[in-house]
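Read the single chain below, which is given as structure tokens and is the form predicted on its own.
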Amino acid sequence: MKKNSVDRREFIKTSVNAAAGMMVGAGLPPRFMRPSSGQSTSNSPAKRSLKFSVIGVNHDHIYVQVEAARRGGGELVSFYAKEPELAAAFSKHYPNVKLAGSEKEILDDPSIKLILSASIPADRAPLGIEVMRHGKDFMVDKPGMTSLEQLAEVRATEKSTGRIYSIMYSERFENRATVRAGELVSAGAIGRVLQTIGTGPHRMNPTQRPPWFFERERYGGILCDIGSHQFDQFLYFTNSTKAEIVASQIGNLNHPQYPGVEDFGDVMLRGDHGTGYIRVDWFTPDGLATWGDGRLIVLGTDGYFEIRKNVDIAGRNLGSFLFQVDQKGTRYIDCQDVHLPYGERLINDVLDRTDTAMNQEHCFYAMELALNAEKQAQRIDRPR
């Protein structure tokens, strides 16, 4: 790999350090709706606090999740990881946080109101169900579950317990350009949204991956896993509440040595308020300075946005970038000071039993679409 390349692990840690201490916006929109304000605000009300813990640190997204909760007023008090090397790495990052002796110790602690997890994807739903049954709320990395059967059980448990099961779709919640685009779309900047086109390329780095990464039943398939971000954004930007999978396909196009890997997938979908196209893959070349040139195009009746999630290949430093094209011209919108409201809204939801960070049905429906797309997909493996 070239020396100027930044892998996903380093990118996440850099993003976490940059995010620490940032204030978040104050607007609290109805869930399943976009923010009502067309402007970001730097004035937040006094933050409230609650204690939260972590169970499962198998993906480095956990650091992004923790920082979101801390920005929102959460206090990380304990964590549990059964893998000694992962526990040691987490303790190094948060040296003053207690390592619990078991999951049960955390689940049984009445002072803990919220549990975060980035465990192995197939283990996330069973853990979340236990969390909700113990009277606590749950914030989990995507994918929030790996099968439709798991989704059905999670839905039933959420309904019976009244707890929150929030999936952090970080490409939207933790990307400043995407947050700003949502505000501008809500303000009518490009008219009525007609379509989203979302791409999620990733660098594979197979020698750095744990065994579960290569086992489809544990990561859920490429459309379930990294594709779930794109389904969330499709629903959000088109404001669709119903959608159908028109066509989907998956394949292992260039990694026959890893038969459990799906390295390519794409989807066409049709919603009640717009259409979408999704492509995800594991083909980011080493020459790119980050782990993936993720993009989102939001097409409206009066213009469009293009979001470069991680890098501007024209030469700007790493970050998230927003470009707007409309009837007046083409412009770049600086988003470095845009605030990320998800963490504070979730903390308030836990304390107030409200529904402002993300509509619960939206949260589940994005995963339902991803799981159905994975289930229905045609195989297009390269001939051997």
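Position 1 is the first residue in the sequence shown; the rest follow in order. These numbers were taken from a predicted model, which means no experiment stands behind them.
We do not show the form predicted in complex with another copy of the chain, though everything after this point is about it.
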item: Heavy atom within 4.5 Å of another copy of the chain in the predicted complex - residue from 192, 104, 93, 218; value: 192
item: Another copy of the chain: the contacting residue among 99, 246, 187, 86 in the predicted complex [heavy atom, 4.5 Å]; value: 246
item: Partner contact for residue 113 in the predicted complex: another copy of the chain, 4.5 angstroms, heavy atom; value: no
item: Heavy atom of residue 301 within 4.5 Å of another copy of the chain in the predicted complex; value: yes
item: 4.5 Å heavy atom contact, residue 283 and another copy of the chain in the predicted complex; value: yes
item: Heavy atom of residue 214 within 4.5 Å of another copy of the chain in the predicted complex; value: no
item: Options 153-161, 225-233, 121-129, 291-299; stretch whose heavy atom lies within 4.5 Å of another copy of the chain in the predicted complex; value: 291-299
